[in-house]
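The structure tokens that follow cover one protein chain in two forms, given apart as structure 1 and structure 2.
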Structure 1
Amino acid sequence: MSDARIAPPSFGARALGSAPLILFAAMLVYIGLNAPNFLSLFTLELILVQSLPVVIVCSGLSLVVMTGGDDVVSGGIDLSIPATAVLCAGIVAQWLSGDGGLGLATVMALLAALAVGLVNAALVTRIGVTPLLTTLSMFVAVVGINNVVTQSRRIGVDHPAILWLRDADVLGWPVSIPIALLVALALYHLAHRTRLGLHMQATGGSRDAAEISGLDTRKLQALSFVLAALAGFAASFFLLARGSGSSPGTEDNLLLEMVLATFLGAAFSPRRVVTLWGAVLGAILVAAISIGFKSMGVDVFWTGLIKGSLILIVVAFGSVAQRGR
């Protein structure tokens, strides 16, 4: 057995790991100086409200990464969460449009999310398919199911509960913000303040060591996929509220922002690993940058290039920093 101890990250690795964060911070400063009305409470409210679905799905993804390890190919990844969120939103919208009750619609959406999570878990932990391939396939399948459920049509929702989530405020701030915060805090508590969460982190840190310690790593990883699907379920209500219904195609953008925000969030961690709170901050930061560029009037034909470049930078610096550990 090797007696090598885990060395703290070198200064170079720390600097490289922080580079995306420094880049984003510099961009924010630049935007703050150049975008009209950017430094205002209304902008902050916009950033928070627009980031809420991403915050929730990022929380779910971070649980999977923390449990499976942060290697995107062989470790923990769940790309199906945005599709699950859109499917749950579609089920609720479809049921409500047929004059069904919200309670039953919620139960059906919850069951659908659980089914997605359990299938992901079984494929990864029992069959041995890689999480990347499993959840990418699941993303496609779930979007297909949603197309069947909604017939690829937009379904408007005017249920009072959904409109309340969209319009109500508390102390002048949209009520959706504290509700999403509570969901994220609950997941944070689970991940970082409970024995179960520590076991999940131990599994992601070193699966061999966790197994030697007697942890059932397969069960823990399976649980992470189920929790991620439940995060998708929770996010669906924020999607419904934000869009006053379900619109086809929302999953693509949500997927992109989820991956970007979660791995950007690793830059907030001293060890440059994905954490739940880092993912949440990453989601807010991505929304801030996105709104900032738009507020500055950046040419619409350039925004795709900018977003794609940011993802490349985050992923590249993350890889370089990991090599330097």
Structure 2
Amino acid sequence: MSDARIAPPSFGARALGSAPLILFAAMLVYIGLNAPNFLSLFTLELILVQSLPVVIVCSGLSLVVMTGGDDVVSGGIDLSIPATAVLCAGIVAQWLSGDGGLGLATVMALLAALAVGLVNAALVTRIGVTPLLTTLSMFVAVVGINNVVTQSRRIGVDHPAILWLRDADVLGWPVSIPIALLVALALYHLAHRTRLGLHMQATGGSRDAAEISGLDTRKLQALSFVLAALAGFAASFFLLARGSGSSPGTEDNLLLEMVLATFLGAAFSPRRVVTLWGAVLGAILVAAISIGFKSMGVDVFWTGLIKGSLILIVVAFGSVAQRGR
């Protein structure tokens, strides 16, 4: 990795990097004082359940950022993951609504996710299109495909497996929480406890150094896009369970929350870089803010505006903190 990443950050950089967390903490305190029943076990359970799809897509995005670098423009970014999740959910819902089996629906959704990941990987690593432009275009294209598949309508799902994921519990807590935790832990193990994961991090830290060391950086970056698409596939089942079906337009809010949570999570890292566990914590914080605003009766349009503004603040503070190292 480059010296800039290894050197400890200055006090000013650490303070600037912590600013988003301080802002979120202040917002949570405000919500806790003004939203009825916000500080309760019921709300905590609701926050965790609502955050699960975001936790999974954030985990996928973290792998892409860790492999491609944390520069939002030229580094690793994959904005197509939420659209991939919604497309997979739409395929499963559409197939089940026609009395098809869940097994074949799962296979079709998996193939769709793999296709998205492979196209992203080819465009970025073989043709040389920037990840930001590639995945933003892919997001729009995949949403269009999903609208064709579902005819832009809500499709309810009452398959026993989806209902089980929604309603079953373990020791009094929804079963979906430990399942999502296992998925996130598996990706964390891949990223931090395997040789492949260390090679991906080395590529994101310094591509030139990684290539000198003999690593195939293009292959590693391509793999990160495929893994991110598979994370979208996994998140689709949590979307189906959370919404009791597939709903058009879900991808927009999921995209906002994924970007916000992932880059907010960098504030948890001592070096202020995107990490998988930081993104998971960020996803839970973002869900808490969303539910808190809803409890206070804040209009959904204002909530979207606030989230968009928070993304700008988080990214801006992160950039300033990096320059201050």
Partner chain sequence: MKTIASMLAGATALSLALPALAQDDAELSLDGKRIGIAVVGTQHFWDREAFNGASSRVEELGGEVMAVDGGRDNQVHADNHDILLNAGVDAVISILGDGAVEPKFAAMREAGIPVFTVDHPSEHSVNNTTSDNYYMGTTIGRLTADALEGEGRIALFNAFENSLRICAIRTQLWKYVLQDYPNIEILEPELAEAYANAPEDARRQTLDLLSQYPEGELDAIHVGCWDQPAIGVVQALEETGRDDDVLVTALDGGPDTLEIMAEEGSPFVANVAQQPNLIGQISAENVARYFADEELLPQTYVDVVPVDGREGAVEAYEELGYGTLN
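The shown structure was predicted, so the numbers you read here are calculated from the model rather than taken from an experiment. Numbering runs along the sequence of structure 1, starting at 1. Note that the rigid core is defined as the largest set of C-alphas that superpose within 1.5 Å between two forms.
Taken from the form predicted in complex with its partner chain is structure 1; the remaining one is not.
For I31, the Cα coordinates differ by 2 angstroms or more between structures 1 and 2 after the core has been superposed. Core-based alignment between structures 1 and 2 gives a C-alpha movement of 2.6 Å at I306.
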